[in-house]
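Form predicted alone, single chain, as structure tokens, below.
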């Protein structure tokens, strides 16, 4: 039986990856931080599986990682832990850097030390991000595109990328980074723009008096489905040689398009836009105000366009996204509509 460790197992990607590995017959150790309140809602349905084991640990504490390594004796290590909300990285840049950046180094050091002292090899996956490209120097972005991060989060991810590459080249470790472009699902946190859109519009469709407040409607992203993307993570670690891969759909859509598509699936009809810039507002088919712009949601340094080129992953891994943009929005709206109805 193969064994894997997943840090960040309580997050969107961690929960989907745990499901995938368990279905493939793995024993999965999920590392979670000790907290006064439970944050395990995404993985509670897995806790009855005897091959799913939760252990307390923190990527900022190397000793806790080493304890889990010694117990689990894994063949694969997926580091998905991060402070992953970009706006929060401006509020707490030091914390973001410690977790999202230095945390990677501590994982790598723990794995290196374990391998040297036990003789057992581990394949290490680092969760990269399209935010590493930031103010993209070319379109689309591939594995050779220079990085130009525009947030403390993006900078921390670039640090993690380079550390992973350096450990691969310096210590002959099987270590790689998956540079994943935006990937969403009903398990996305409510603070992220896509989930904020689908959840708020579902509330409006169910009669709640609320308005969707957004920042830059013209920001464009390459959005995929998280379930498709965690499969790519696993596929990367099944290759003979470690390589970094861009995982993306190769399509780009604006925040405005996402809002318009979600409104239609929520039964609010075609949005009518009035005004310009920060005074722009969106109205439903009954001329009710449902969307407005709030300056506080603009980033200090905006990332206007991210578009990935997944050609290497398609050619070498045989991976391709199965879920279209329309299908993704529909899945998320449907899930939030059902969630809102359950709460009533």
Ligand code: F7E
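Worth saying up front: this structure is predicted, and the values here are computed from it rather than measured. Residue numbers count along the first chain shown, from 1.
Here the subject shifts to the form predicted in complex with the named molecule, a form of this protein not shown in this document.
- Can you check 108-116, 79-87, 134-142, 166-174 and let me know which stretch has heavy atoms within 4.5 Å of the named molecule in the predicted complex? Among the candidates, contact is made by 79-87.
- Item | Contact label in the predicted complex: residue 203 to the named molecule, heavy atom within 4.5 Å | Taking the distances in the predicted complex, the answer for residue 203 is no, it never comes within 4.5 Å of the named molecule.
- Is residue 266 close enough to the named molecule in the predicted complex to count, meaning some heavy atom within 4.5 Å? No, residue 266 sits far enough from the named molecule in the predicted complex that none of its heavy atoms falls within 4.5 Å.
- Task: Classify residue 124 as contacting or not contacting the named molecule in the predicted complex by the rule of any non-hydrogen atom within 4.5 angstroms, answering yes or no.
- Result: No, residue 124 sits far enough from the named molecule in the predicted complex that none of its heavy atoms falls within 4.5 Å.
- Message: Quick check on residue 216: any heavy atom within 4.5 Å of the named molecule in the predicted complex?
- Response: Output for residue 216 is yes: heavy atoms within 4.5 Å of the named molecule.
- Are all three residues 4, 55 and 120 in contact with the named molecule in the predicted complex, where contact means a non-hydrogen atom within 4.5 Å? None of them does, since no heavy atom lies within 4.5 Å of the partner.
- Query: Can you pick the one in 161, 245, 153, 258 that has a heavy atom within 4.5 Å of the named molecule in the predicted complex?
  - Reply: Answer to the contact question: 153.
- Task: Taking 4.5 Å between heavy atoms as the contact cutoff, choose which of 225, 147, 192, 234 touches the named molecule in the predicted complex.
- Result: Flagged contact: 192.
- Query: From first to last in sequence, which residues of 157-189 have any non-hydrogen atom within 4.5 angstroms of the named molecule in the predicted complex?
  - Reply: Sequence-ordered list: 180, 181, 182, 188.
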